[in-house]
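Below sits a lone chain in structure tokens, taken as the form predicted on its own.
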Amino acid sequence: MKNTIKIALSLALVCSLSYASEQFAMSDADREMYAEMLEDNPADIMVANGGELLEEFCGGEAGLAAFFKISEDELPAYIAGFPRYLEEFKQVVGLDQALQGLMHKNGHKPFALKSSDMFDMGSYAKSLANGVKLQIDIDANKHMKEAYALGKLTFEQKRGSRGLSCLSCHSPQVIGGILRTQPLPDIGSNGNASAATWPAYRMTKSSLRTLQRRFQGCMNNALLAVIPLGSPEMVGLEVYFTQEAKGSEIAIPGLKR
């Protein structure tokens, strides 16, 4: 009986998405606001604040490059390869976790991954690679291969009483449908690929959010247990999304409804 209910819910979800129309994604007022924000993204101020934080706590771009043992000229391309395995951490980490490590090395208490200061600073750091194509290398070592495999599993694994997974809303069959008044995006390599356009300003939250924080929002909306930021599963999920969007140009901050 439980399996029957799960299947029915999944089918209902797919059907509701299949018959949805783009015209219901935003109200006319929202569309006007979105157009205005494309010209003047509110997150630009937050990203600028992130630059000041990077200077104060990490030594700016020079300090970040030194931490990665590369030149400043190499920094944009290096950032475009995150998440990546860092020997200092003995694991695959996101860019924000690397910033935490640098803050600690400099004698500062690291910002929490869910803090607005980390969102700002991480966004600024990723924006240094704007215009550069995502170039993650999941074959670089066994750690990256394992992180990708875990991310793929996390993306596809059904969880919760509804038996939903990330794939339930992001499979080729439902991409472009409307859920909660929002078009379901293609996570692959295109002009709006998720991994290339997050961190982003969310109009409905009036704040800057990271990709992993967005994952948590999706899990919460689907009534799934929320995976912690920075956990192996969450980093793996970011690795998976980034690999799927590999070749897309980074454009930070993004703008999302």
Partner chain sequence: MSSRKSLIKIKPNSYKDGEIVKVSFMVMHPMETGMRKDKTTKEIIPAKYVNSVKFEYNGKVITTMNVWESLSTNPVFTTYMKINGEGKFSVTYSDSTGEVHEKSMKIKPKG
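Everything quoted here is computed from the prediction, not taken from an experiment. Residue numbers count along the first chain shown, from 1.
One more form of this protein exists, namely the form predicted in complex with the partner chain; it is left out here, but the text below deals with it.
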Practice item. Would you check whether the partner chain, in the model of the complex, lies within 4.5 angstroms of a non-hydrogen atom from each of Met46, Asn49 and Tyr201? Key: yes
Practice item. Find out whether any non-hydrogen atom of Pro42 is located within 4.5 angstroms of the partner chain in the model of the complex, and reply yes or no. Key: yes
Check your understanding: With the partner left out of view, is Leu64 within 4.5 angstroms of the partner chain in the model of the complex by any non-hydrogen atom?
Key -> no
**Study point:** Contact label in the model of the complex: Leu211 to the partner chain, heavy atom within 4.5 Å
**Key:** no
